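One chain comes next, on its own, written as structure tokens: the form predicted alone.
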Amino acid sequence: MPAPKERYPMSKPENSEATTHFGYQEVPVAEKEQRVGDVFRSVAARYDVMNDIMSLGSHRLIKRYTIELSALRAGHKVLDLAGGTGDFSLKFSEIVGPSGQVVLADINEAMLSVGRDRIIDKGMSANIDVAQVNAQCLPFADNTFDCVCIAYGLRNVTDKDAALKSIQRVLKPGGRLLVLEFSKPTNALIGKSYDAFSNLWPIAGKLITGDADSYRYLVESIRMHPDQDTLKQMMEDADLINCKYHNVMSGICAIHIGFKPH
């Protein structure tokens, strides 16, 4: 079975002396990309196992719901951005069929390697390309994709506004963006319980992957991520329309949807 094709050169954003958040830390913009890269290189091999543990398996149901909201059909082109280990790409591949195209894209080569191997092992490479890209400056032509999905990845992007504008550019008119991300619980009791539970993730990370620091960053990055209404406004500021969100598990996660104007 041939490997998924890699056709797109990775672009890089302009250098900046500004600072940004890496979890709770304030770091130079140029340093954040390297640090986030180190996190995902460390966890790539056990990423899916840890997802099951951290979500108690619920991430599978949430992803299924996200796929239903994609409204993909045979022949569509979809960008699985920050797609990492490829679980969304495999599902998208089945939906769009041989006349469609899926691009599994991630900035991290270790995560892409895991995803590429899964795709090959399942014999699903015929309509899946693989691309190492930076979400802030996507190397695709304008008006390319019917759908862009970024799941549990936007919070790791240094300049989220630039990424949303780049996504809007590569969407076809009428195309939709799906953002699945951890968000802010709408129930105070659930929020406190969730915070207590997520504080255990670094301990689990240490036991299972030997790496507590990466999972400590992941917890902090979730808590620093914009809330539901802020992200909705950011999408509107990127010239996406009809933006809305669906809270999942009382807002522990949220699925945002926006469309490129015709």
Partner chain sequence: MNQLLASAALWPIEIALNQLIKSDPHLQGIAQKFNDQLLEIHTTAPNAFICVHFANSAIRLSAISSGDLGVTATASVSAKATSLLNLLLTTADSAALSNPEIEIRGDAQFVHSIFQSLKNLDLRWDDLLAPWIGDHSTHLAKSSSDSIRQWSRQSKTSVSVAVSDYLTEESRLLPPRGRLDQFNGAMDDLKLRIDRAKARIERLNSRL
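Residue numbers count along the first chain shown, from 1. Bear in mind that the values here come from a model prediction, so they are computed numbers and not experimental data.
The same protein also exists as the form predicted together with its partner chain; that form is not shown, yet it is the one meant from here on.
Its partner chain in the model of the complex comes within 4.5 Å of a heavy atom belonging to E68. Its partner chain is not drawn, but in the model of the complex it has a heavy atom within 4.5 Å of I95. In the model of the complex, its partner chain lies within 4.5 Å of some heavy atom of V248. Using a 4.5 angstroms threshold between heavy atoms, R64 counts as touching its partner chain in the model of the complex. In short, of 87-95, 113-121, 164-172, 137-145 it is 87-95 that has heavy atoms within 4.5 Å of its partner chain in the model of the complex. Remark: all three candidate residues (R60, A74 and R176) come within 4.5 Å of its partner chain in the model of the complex, counting heavy atoms only. Taking a 4.5 Å heavy atom cutoff to its partner chain in the model of the complex, the one contacting residue in 228-244 is K244.
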